[in-house]
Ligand code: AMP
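This document opens with one chain alone, in C-alpha cells, the form predicted alone.
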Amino acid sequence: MGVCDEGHLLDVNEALRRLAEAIPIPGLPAMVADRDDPAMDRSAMDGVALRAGDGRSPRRLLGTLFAGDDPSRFTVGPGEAVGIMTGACLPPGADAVVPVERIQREGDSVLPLESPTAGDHIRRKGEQARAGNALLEAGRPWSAARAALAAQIGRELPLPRRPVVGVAPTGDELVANPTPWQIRDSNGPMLEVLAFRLGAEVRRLPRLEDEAGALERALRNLEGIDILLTSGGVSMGEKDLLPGVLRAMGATLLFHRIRLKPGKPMLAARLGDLTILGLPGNPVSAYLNALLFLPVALARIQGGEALDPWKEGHLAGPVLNKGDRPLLHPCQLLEGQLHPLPSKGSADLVRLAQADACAWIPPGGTGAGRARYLLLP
C-alpha cells in the first residue's frame, strides 16, 4: 500500500505528478527504416529540373514529372529541362531545381532568371535516414507523428483505444424522487458529460452504497473499466468508507486530501490496473477535481501526457479567499475578461453552471489583474 497523506494536505502539482507516474504509458515498438528516406533525390519545390552546369541559358522542356511518377521517363541532357512538382523524383541527368517563380517560360522553352547551383532545392536520397537506421527506440509514448513514422516504414499501428470511464456516485441520500431531506444525483450526469467531453468512453454504474461490504463487492466487479470516478465517500464522516475499503482491498493510495479549495478530500488510488479517482461529493469540488485529474489519467492510458490546462487572463474584479488553500473561483468570460461570480462555495451548482471558467485565487485573495484560469468544458 502506498503513502496516504493523512497528516498534511498535498500540493496539487505533486498530486498530479503522483497520479501520472502511477499509470504506465503503453509504449510503441522500436522503429527501423526499411529503406532510404528519401528513397531517391526529390524536388523540394515546384519548378524545373535541369543541369546546373548549363548556367542561365535557355532550356527545352521535355515534359513534367509529378509526385509518384517514374523519373526514368526523361533523361535531361545539355540545354534541356523537365518541369517538376514538389515531391517528384529527379530525372537522370538533372542535378538542380529552379523554382517556378525564378524562371521565364516561352512556349516549350524556359529561361532561368538566376544561375543554378548543383543541389539547389533538392532533398537528397537518404538525407533523413538510411535503410536499417534506428528511428525510434521501443517504449516511446504514442503520438500522431510517431503513427505517421510507422506508416512511412510500412508498419500499421492501431489507433489508441478510448479509455473506459465508469461513473459511480456514492450516498444513500441520492434518490430519483427526493423528499426534502434527500437529493437527486446531479454529480453522475455531470461527470458523465465531462468524461465524454474529455474523450472517454463512459459507462454509468449503479450508485455505490454506504456500506463497506457492498462497496467492496462493487469495486471487485468493474471488468472493462479503466478509470472509476466516484463522488462522495472520501471525507472524514462515519459513512466516508472508500479510503478504508480500498486499503483493506490492498489498493495503492496515491494521495488523499490536497491543498485546494474546493476539493480538499480528493483521493486517487490504483487497484490492480484500475485507476480510482475518489472525488468529493459537493458538485463544484467533484467537477473541478475531475477536470484537473481525469485528463492526466486519460492521456497516460492513451499513450501520452496531458496538455497543460492552464490559461492566462485578466481578472476583472477582486476575489476574497480567507483560507490558507488556493481557491478555484467560478467566473464568466466576457470580452476576454474573467468576471467573478458570487459563489456560495463547493455546493453552489448554480454558479458553476453559469460559469465559463474558474480562476486560481491564492490564499488571502487577489485584486483585479492577471490570473491563471481553467476553461470549463
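Just so it is clear, the structure is predicted and the values come from calculations on it, not from any experiment. Note that residue numbering follows the sequence shown and begins at 1.
The form predicted in complex with ligand AMP is left out here; the points below concern that form.
This chain is drawn without ligand AMP; in the model of the complex, the residue among 80, 95, 240, 226 with a heavy atom within 4.5 Å of it is 240. Proximity to ligand AMP in the model of the complex, defined as a heavy atom within 4.5 Å, holds among 302, 152, 252, 282 only for 282. The shortest heavy atom separation between residue 220 and ligand AMP in the model of the complex exceeds 4.5 Å.
A residue is said to contact a partner when one of its heavy atoms sits within 4.5 Å of a partner heavy atom; residue 231 meets this definition for ligand AMP in the model of the complex. In the model of the complex, residue 174 approaches ligand AMP with a heavy atom inside 4.5 Å.
Within 4.5 Å of any heavy atom of ligand AMP in the model of the complex lies no heavy atom of residue 197. Residues within 4.5 angstroms of ligand AMP in the model of the complex, judged by any non-hydrogen atom, belong to 232-240 and to none of the other stretches in 126-134, 232-240, 72-80, 104-112. Interface residues of 75-102, taken as those with a heavy atom within 4.5 Å of ligand AMP in the model of the complex (partner not displayed), are absent.
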